Ligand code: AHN
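Next up: just one chain, as structure tokens, the form predicted on its own.
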Amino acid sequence: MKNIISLLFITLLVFSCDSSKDKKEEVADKTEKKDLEVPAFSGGNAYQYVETQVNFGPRVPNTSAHAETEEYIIQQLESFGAKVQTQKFESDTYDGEVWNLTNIIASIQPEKKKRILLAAHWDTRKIADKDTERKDEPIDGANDGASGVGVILEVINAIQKAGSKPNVGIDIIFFDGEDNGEPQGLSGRDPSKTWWCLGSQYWSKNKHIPGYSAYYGILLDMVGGVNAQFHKEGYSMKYAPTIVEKVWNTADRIGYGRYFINNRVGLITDDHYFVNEFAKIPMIDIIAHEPTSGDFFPDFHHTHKDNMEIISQETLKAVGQTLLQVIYEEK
């Protein structure tokens, strides 16, 4: 009986020590995250970046608005102290045009070996094919294009102004020529070619630095709409499920769970697909969509409703603050 009692005592002691150790580690982890000096994201600043892009007019390639916006984005990045370069290339379109396109690439903290890639597209659609009026006219693209650029610009601004810096370097790519694929899908002229996401297709096969890679990437698309909801997109879950969970769990923990919905949805061919498939960098897509709607996307998608009236500082803040928290928690 004494042996049994002694064994029981030792077992309880070991369990007690292990439990104490687990609790200490849990407390230490929470303390570490609590002590992080994560800068505040300004939804107001991001809104201004979006509005400035929209004020140039639709950013359709080969137009003056497109050229002016390129200059503006580069100036903003350089004003934040980012190192900027451009990747110029030509691409034909589904309807027989030849476009002069530019991927805008930037980086901060280039000395850091561990890197995170943030991306968005900066062009706009040249037709409003889902609208009932003015279908052949280009759209403002306040949400579909400008919102992702606006959030990333403010993320970089916030990091550069902060006294505390993250432990990782940040690279940025603003992809061009994303939003002008054929309305019905693949072109009959060449069914083997995807006419969407021209910039990410080009960069993924012609990286600005040979052999470039990143720990992971996050793509932003339509991230500024009022009451937007971001579900767990199919390709993101296929290629980078742990990054999806990291971002969604972080958003929920810091109070933005009503935007980041714990629900898996179908596959969306967006810039992240080509970065995953060709560049071999695990990238997720934070993209607004409504899986219960007939069109899968919000009703502004590819219509003239996609203007500043649907842009919310609160939504921009939810996405931007979540990104900052994720970045600063990287070790």
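Quick note: we count residues from 1 along the sequence shown, nothing fancier. Keep in mind that this is a model prediction, so the values were computed, not measured.
Form predicted together with this ligand: not shown, discussed below.
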Just to confirm, residue 222 within 4.5 Å of this ligand in the model of the complex by heavy atoms?
yes
Should residue 278 be counted as a contact of this ligand in the model of the complex, where contact means heavy atoms within 4.5 Å?
no
Would residue 302 count as touching this ligand in the model of the complex under a 4.5 Å heavy atom rule?
yes
Residue 144: heavy atom within 4.5 Å of this ligand in the model of the complex?
yes
Tell me which of 61 to 69, 35 to 43, 267 to 275, 48 to 56 has residues with heavy atoms within 4.5 angstroms of this ligand in the model of the complex?
267 to 275
Please identify the residue among 259, 203, 196, 248 with any heavy atom within 4.5 Å of this ligand in the model of the complex.
196
Only one of 233, 140, 171, 179 gets a heavy atom within 4.5 Å of this ligand in the model of the complex. Which one?
179
Pull the contact list for 101 to 132: residues with a heavy atom within 4.5 Å of this ligand in the model of the complex, in sequence order.
121
